[in-house]
Every structure is written in structure tokens, then in C-alpha cells.
Ligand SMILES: NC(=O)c1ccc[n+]([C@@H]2O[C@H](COP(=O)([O-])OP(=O)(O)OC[C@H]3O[C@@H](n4cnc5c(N)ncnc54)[C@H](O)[C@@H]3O)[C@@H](O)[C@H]2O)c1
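Single chain ahead, by itself, as C-alpha cells, in the form predicted alone.
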Amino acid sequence: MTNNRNESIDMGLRNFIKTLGCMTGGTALLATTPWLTSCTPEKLEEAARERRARIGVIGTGSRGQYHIHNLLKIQIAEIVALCDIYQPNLDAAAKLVPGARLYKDHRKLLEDKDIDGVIIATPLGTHAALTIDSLEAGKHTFCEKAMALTMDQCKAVYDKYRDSDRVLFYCMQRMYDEKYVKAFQMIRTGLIGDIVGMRCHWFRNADWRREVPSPELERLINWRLYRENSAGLMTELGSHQLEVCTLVADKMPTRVAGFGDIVYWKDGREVYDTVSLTYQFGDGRNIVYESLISNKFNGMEEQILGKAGTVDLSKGVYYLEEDDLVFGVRQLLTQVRDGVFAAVPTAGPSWRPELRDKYVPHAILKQASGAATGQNMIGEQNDGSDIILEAFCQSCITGERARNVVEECYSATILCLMGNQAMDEKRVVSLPEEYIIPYMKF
């Protein structure tokens, strides 16, 4: 590998780490983002001097091709194999990577000795089996979220990973999205005071359907609509947002209640198109979660509510309660001056206007960062997916695991599946003891 190549490699990951100020041994890195300790610029340069990570991709549909496009930009990565049971997807991916070996059976790909790491971008119902097969074959593994379709499958994957010496990543892109990571650090330093609650929602207006060329392919192509392979809105959307909440809280909710139904898209699907849940921590604080796919007005928001302010992670901004107070005092003095009040009211803070639009937004990052609308079905630009994929490729070379990524994905997936159970059974569901892992805090 030439020196010129070494000097120009992987600026995405390098700049991401340097911008955050998370250098090797940095206290901020260790305290709030321990998963980044495996991908410092020094380790990246060391990996790049050694060789490229040889990657095989299982699942070459829209999300798989999204990863392929990102992999082609990562200079420490080389795509050597592609696998899909659906020929049109495999053909489309082969055009992107003309030199890759093609497989219809994932087991044949896993037998390929020339592959270091495997990326799994297949329907949720296949995640557990493919991940276990990949780890057993000695491959470093990167899988889409969520971890699995059932809690038993989640535990089986976690146990296999714990007993393995291989690297395992899940596409927890918010853990590698610059505005989220910076916000985690700011919240931990007390920016918004004590956290008193969390509110997340994700609204779209689309039926989630894809065109099917032949009726027998309906459940293969539209797998998100059927329970044999999908857990619906919770795992497809909610897993990302619940992940953020547990990262910020540094603990797990203990129970959940809620309602779900097929309100609008009555087209034969089996998963809910509308969900509304409340997760409760042991100390009484709540995560309020809502999602539907028949109205997009509210888009996507992830709000961390503190006594001193609010952080909206998806938009990359925060609001301080004291800013609103300043506005209220100024308004009050103006009204006194104009004779609206004969004297200053004595009601105190209870008089203060509680209108959301009076809060002043402050950017989390100094440089511009896009606010995610949540409407993209495949992946947002610069949402952290490319950075975490690059970190995985580095780990394929070094063999170093990223701390907490698997554990956070496990925790978020368990919460999603608990939510579905609560909605299905119309009762409060508590976290089953048999699925508690040592990583979890309460």
C-alpha cells in the first residue's frame, strides 16, 4: 500500500473523531462515548498500513445497496462477494461491484476463506440465524437493526457473541452521528439539568409497500408487513429512538404499556400502522413513544426533557428554559409600559408563557448539520451509517470490538419487542428477568 494512499485514507471517520475532540485516552471519549475508543485516528492509520478489509454482503436490496455505495467510498474496504436469494437484487448489486463473487446461498459465501467481514442487510426474521451462522463461520459481522424477531433469538445471538472472539456490529448509526454524540456529551455535563422525561415520535405517510412483479413474491418483497419476518414500526423505527433514550438515561425502563392497531392501511398487512406507548423507568420517569404511517406532519423528533432545558436530537438543537424566562420578563415589562397591566403581577413563574415557539433554538454543532425528517426509507445522508460501517471495516482488520454497540442494540430490541407484547396483550409488560444481561442498569 502506497504512502499516498495512507495519507488520504478514510477522512470521514478521521474527521468525525477529531471534530468531536475524542482522541486516544480522552476523558470525554471514555466517559460518554466508549464505543469510539476502537476507532481513533491512530488505530485507523495502523489498520490502513496493514491491508484492506475484505467484505461480503448478504442481502442486496435497497438497504444492502445503500451500504455497498458507502463501502465503495471506504478506502480500507474491498467488496469481494455478494449474496441474495432474489436474482434482480443480486444482478443490480453485481453491476455496482463487477468483480465480486456471486452467491445465492449465504452458507456458500460464509465458506469463502477470502472474506474477513460480512454485512447482513436482510429481513428482520433472518437476522438471528444469519448472524449466528456468520459468527460460527469465523467472520466478523455487521447486521442491520433490530437484532432479532423474538426475545429468545436476541438472547441466543448475544450468547453466541459473548462466547465468540469475532467482532459484531449493528447499524446503531446514531452512536456514530456527530450531532448525537456531541449532544450525549453535552447532556452528561448538565446542559439541561436533571432529565425529567423523554418524548419521541416518528411519523410518515406511506403504505410501506414495494412493487411486486408476481404474487408469490409478496411476502418476500413486502416482508415488513407480515409478522413472520417483521415486528413492525417498533423495530423498524422505534429501535433507533429507544436506543437514544437508553443511552442518554444510562439505564433501562422496567415496564411498558400502550396501544397499537391497523388504523388506515387495511390492505392485508399484519403489523400495526399506528402505535402509542409509555415506557417507565424504576424512578418513575417516562419515555413517551408514538409512530404512525398515515400522516407525516410532525415528522421525526427525539426530545430529551430536562429541568433546565430540552434537547431535540434529531434536529441538532437545544432550548433552555431560562431563555423563555428572559422573553417572558421582557414581554411583561412591555405590557406594563403599554398599560396592559397597572402593576407587575405577583403570580410569579405561573404567569410565564409556556408556548413552544417562544424558546430560542441553539445549535448542538457549530458547523451546519441537517435535521432529519424521518421520511427517507433507505437511509439519510450523513446519518452516521457510513461512519459506523467504516469503523466496522477497521475492526475487521484489527479484530478490536466496539464497546457497548451489541449491548445497546440488544437492549433497544428487547424494549421494542416488549412494546409489541404490551400492545398485543393490552396489558402492562415488565422486563422478563431471563432477558436481563449484565450490561443493563436500572
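None of these values were measured; they are calculated from a predicted model. Position 1 is the first residue in the sequence shown; the rest follow in order.
The following text describes the form predicted together with the ligand, which does not appear among the structures shown.
Note on the interface: of 184 to 192, 282 to 290, 78 to 86, 245 to 253, the segment with non-hydrogen atoms within 4.5 angstroms of the ligand in the model of the complex is 78 to 86. Under a 4.5 angstroms non-hydrogen atom cutoff, the ligand in the model of the complex lacks K43 among its neighbouring residues. Using a 4.5 Å cutoff between non-hydrogen atoms, E236 counts as a contact of the ligand in the model of the complex.
By the criterion of a heavy atom within 4.5 Å, D133 is excluded from the residues contacting the ligand in the model of the complex.
The ligand in the model of the complex is not approached by V167, whose heavy atoms all lie more than 4.5 angstroms from it.
Interface residue among Q241, T141, S314, Q173 relative to the ligand in the model of the complex, by the heavy atom within 4.5 Å criterion: Q173.
Between the ligand and the residues Q303, T274, Q153, T126, the one pair within 4.5 Å by heavy atoms in the model of the complex involves T126. Taking the ligand as it sits in the model of the complex, the stretch 51 to 78 comes within 4.5 angstroms of it through a non-hydrogen atom at I58, G59, T60, G61, S62, R63, G64.
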